[in-house]
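In structure tokens, one chain follows: the form predicted alone.
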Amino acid sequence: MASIDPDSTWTLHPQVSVRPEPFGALLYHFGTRRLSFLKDRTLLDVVERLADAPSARAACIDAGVAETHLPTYLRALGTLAESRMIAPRDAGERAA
């Protein structure tokens, strides 16, 4: 599992729908037909902040992620990037 660059910019892929749940959220990609589970509400908060944050690190910090937990969240974002649930911000804007 790869982590993403903490200074890179990301956004939810335009073909992804988010359904918040008590445990976190369900993400469904209409293009790939893949379903992903976010297992905590903080990760959902991070994902929702990505589009407006100046970096992935800033989205994490704004969501209340402690510096000691940042590597865990960057790995989770890396997994979401590998499954195309999130996209680099400039690529996401072109795909929209």
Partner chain sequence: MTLTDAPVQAAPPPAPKRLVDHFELGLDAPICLTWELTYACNLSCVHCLSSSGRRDPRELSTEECKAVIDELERMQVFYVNIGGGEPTVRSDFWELVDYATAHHVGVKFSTNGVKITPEVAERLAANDYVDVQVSLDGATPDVNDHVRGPGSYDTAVRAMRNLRDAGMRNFKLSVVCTRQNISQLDDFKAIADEYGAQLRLTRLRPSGRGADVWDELHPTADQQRELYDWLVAHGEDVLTGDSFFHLSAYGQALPGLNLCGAGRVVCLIDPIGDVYACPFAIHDEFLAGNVREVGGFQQVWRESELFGRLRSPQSGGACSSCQFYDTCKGGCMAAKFFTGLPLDGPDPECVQGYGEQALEQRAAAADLPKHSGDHSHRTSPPRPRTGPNGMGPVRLTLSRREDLQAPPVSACAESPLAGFAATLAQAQGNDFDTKQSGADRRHEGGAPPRLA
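If you're wondering where the values come from, they're calculated on a predicted model, not measured in any experiment. Positions refer to the first chain, counted from 1.
In what follows, reference is made to the form predicted together with the partner chain, a form of this protein that is not presented.
- Proximity of residue 10 to the partner chain in the predicted bound form: non-hydrogen atoms within 4.5 Å are absent; the residue sits far from the partner.
- Although the partner is absent from this view, residue 36 contacts the partner chain in the predicted bound form, with a non-hydrogen atom inside 4.5 angstroms.
- Taking the partner from elsewhere, residue 66 is found to have every heavy atom lying beyond 4.5 Å of the partner chain in the predicted bound form.
- The shortest heavy atom separation between residue 76 and the partner chain in the predicted bound form is within 4.5 Å.
- Here the marked residues 15, 26 and 80 all reach the partner chain in the predicted bound form, each with a heavy atom within 4.5 angstroms.
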